[in-house]
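Presented as structure tokens, the chain that follows is alone, the form predicted on its own.
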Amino acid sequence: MIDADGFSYRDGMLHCGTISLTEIAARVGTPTYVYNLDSVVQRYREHVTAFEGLRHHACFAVKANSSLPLLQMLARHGAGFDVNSRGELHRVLRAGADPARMTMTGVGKSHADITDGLDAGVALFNAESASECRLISDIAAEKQMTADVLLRLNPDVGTDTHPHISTGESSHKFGMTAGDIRSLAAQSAWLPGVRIRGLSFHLGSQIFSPEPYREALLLLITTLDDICGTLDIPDPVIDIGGGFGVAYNDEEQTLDLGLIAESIRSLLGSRAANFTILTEPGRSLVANAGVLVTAVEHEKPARDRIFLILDAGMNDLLRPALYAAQHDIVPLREPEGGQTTVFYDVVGPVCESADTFARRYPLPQLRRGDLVALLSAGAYGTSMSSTYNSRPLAAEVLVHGNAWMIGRERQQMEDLFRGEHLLTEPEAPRD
């Protein structure tokens, strides 16, 4: 079974929509990421529909997938964007996004991040500390500007997710306590370059229950009511972040966003029309819309297992090594009935034992040159990729309708050394 948006077998070969992945691999090589843009747009529309009846804006979390054509497509369909650095800011500007529909997040915004955000006209800064508020205020005041800011609340709400992708507990570096926020609001007169517009939170990622959102919203609304007694916030903004769980396998069920929207309506009651609600979907729009196409380099028998060694490694897809993420793996040629099943340890070529995608994974017997796809690879694949082992970055291909295009060329060897310099002085004589 293939549980990926828009990917299916046709005439015995795996396709993205109507496009054969084998054809793409023959033209572009491997490893290559392939994204279904039509699926991304569909998921975005479904996300917006879930919050109908609220004054709502969705800001795509660029960290999930920063492919320029993908960002461009979302911008064309009205999406806003949440950026975590000046680099992500300049990416979305390059893609034609409207800065008036952007938020800038990040626990360690630099002077350059804030300056570029102000110069671009970013709508809202998610401020995570009193120190950051002071820096935003100082920079904005120097420019004779006023920065609109959301104070990020750390609600100390636990979520049933991997600790590396949990962000809403008191032990995490993100956000401020409710007490810190009330204190900062009371001292806001000392922040002449800042206008506090509301509050935000982000609980983490891969959250499958609406209850943590409801719990965090209760504290956020109470805290917001407290500071509204101190500040004049005529049109308050609530940003509930992202982290909406998506199914990577049959054991998971995608989070029902309608339940979160209902919590917002019930908690705000008749006041809901006075609030602007922001969400920051990332993974939920792109995870299942992408696959990583890779070729078998070797089949290697060992004493108690058989290794299937791919030409994609942990530098291309870090998630399994970073937090034991599971990705279904399928051959590009549809298995036929009666084929021998082999339980492989599917690994990459990187010089690390952590470079393992799956253990004892059932696949038809494969040989060197056969092609497979790692499914649900549209989020945090390329955005976390690196050139570890001096391996060039993979290519990216985007499918839209009945056509496909290269979104990012495969990195060439000379690109690995660009900007580096050799010694210009002769080597000192050795003793």
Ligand code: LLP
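Just count from 1 along the sequence shown to find any residue number. From a predicted model like this one, the values you see are computed outputs, not experimental measurements.
We do not show the form predicted in complex with the ligand, though everything after this point is about it.
Put simply, Gly290 is far from the ligand in the model of the complex: not one heavy atom of it is within 4.5 Å. The shortest heavy atom separation between Ser137 and the ligand in the model of the complex exceeds 4.5 Å. By the criterion of a heavy atom within 4.5 Å, Asp82 is counted among the residues contacting the ligand in the model of the complex. Contact annotation: Lys63 falls within 4.5 Å of the ligand in the model of the complex, judged by heavy atom distances. Although the partner is absent from the chain shown here, none of Lys109, Arg197 and Thr276 has a heavy atom within 4.5 Å of the ligand in the model of the complex. Only one of Thr105, Asn315, Asn154, Thr223 lies close to the ligand in the model of the complex, with a heavy atom inside 4.5 Å, and it is Thr105.
Think of it this way: in the model of the complex, the ligand has a heavy atom of just one of Pro281, Gly117, Pro212, Gly175 within 4.5 Å, and the residue is Pro281. Of the stretches 392 to 400, 49 to 57, 378 to 386, 359 to 367, only 378 to 386 has residues with a heavy atom within 4.5 Å of the ligand in the model of the complex. Contacts of stretch 292 to 331 with the ligand in the model of the complex, defined by any heavy atom lying within 4.5 Å, are made by Arg319, Tyr323, listed in sequence order.
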